Ligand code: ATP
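To begin, one chain is listed below as structure tokens, in the form predicted alone.
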Amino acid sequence: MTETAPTQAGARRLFFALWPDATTRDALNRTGLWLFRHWGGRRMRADTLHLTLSFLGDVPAAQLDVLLLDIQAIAIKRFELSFDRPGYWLHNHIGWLGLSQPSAPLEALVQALRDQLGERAIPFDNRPYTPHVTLLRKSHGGKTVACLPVRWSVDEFVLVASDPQSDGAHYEVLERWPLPG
């Protein structure tokens, strides 16, 4: 996700995400510290850790009501994730934590969101989905190292507004949708 371009007047930079509870956030943050010790870079602030489901970019305020229409109809049941695969992308110097095994419920949630956005003609980043939590920026990477898995009990997804600032992005959760049990 690029956090550099200013938003259009009256628009907000939005994305759907999984937002960790305090226990999961702490575990992700510890893994970020561990990767930082191996790869260097700039650690992500704990309050910004998340798993992006669908990045929308700048959405005009007038389109927000249309965006929210029917999102609550997504009926993916609660599920578990195990983040156990650290990785590094050379092209953008990002250190991340991902899944070594695909997750059918996660893929179904991402597809359901994309379907709803497509039906509402709301543009979104349609690149192939690579589930990951960004832990480091401006990292030099290095040898892939093993880490303790971070288990995440997913019981909701959220809509987030991103406000790019000089010290990094600041996020505001605008809406939450619980997943049925």
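Numbering starts at 1 and follows the sequence shown. Fair warning: this is a prediction, and the values are worked out from it, not measured in the lab.
Keep in mind the form predicted together with the named molecule is missing from the figure; the text below concerns it.
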Query raised in the report: Counting only non-hydrogen atoms and a 4.5 angstroms cut-off, does residue 36 reach the named molecule in the model of the complex?
Result: no
**Report entry** residue 13, heavy atom within 4.5 angstroms of the named molecule in the model of the complex
**Finding:** yes
Query raised in the report: Would residue 137 count as touching the named molecule in the model of the complex under a 4.5 Å heavy atom rule?
Result: yes
Query raised in the report: At the 4.5 Å heavy atom threshold, is residue 127 in contact with the named molecule in the model of the complex?
Result: yes
Query raised in the report: Can you say which of 22-30, 45-53, 143-151, 66-74 gets within 4.5 Å of the named molecule in the model of the complex, counting heavy atoms only?
Result: 45-53
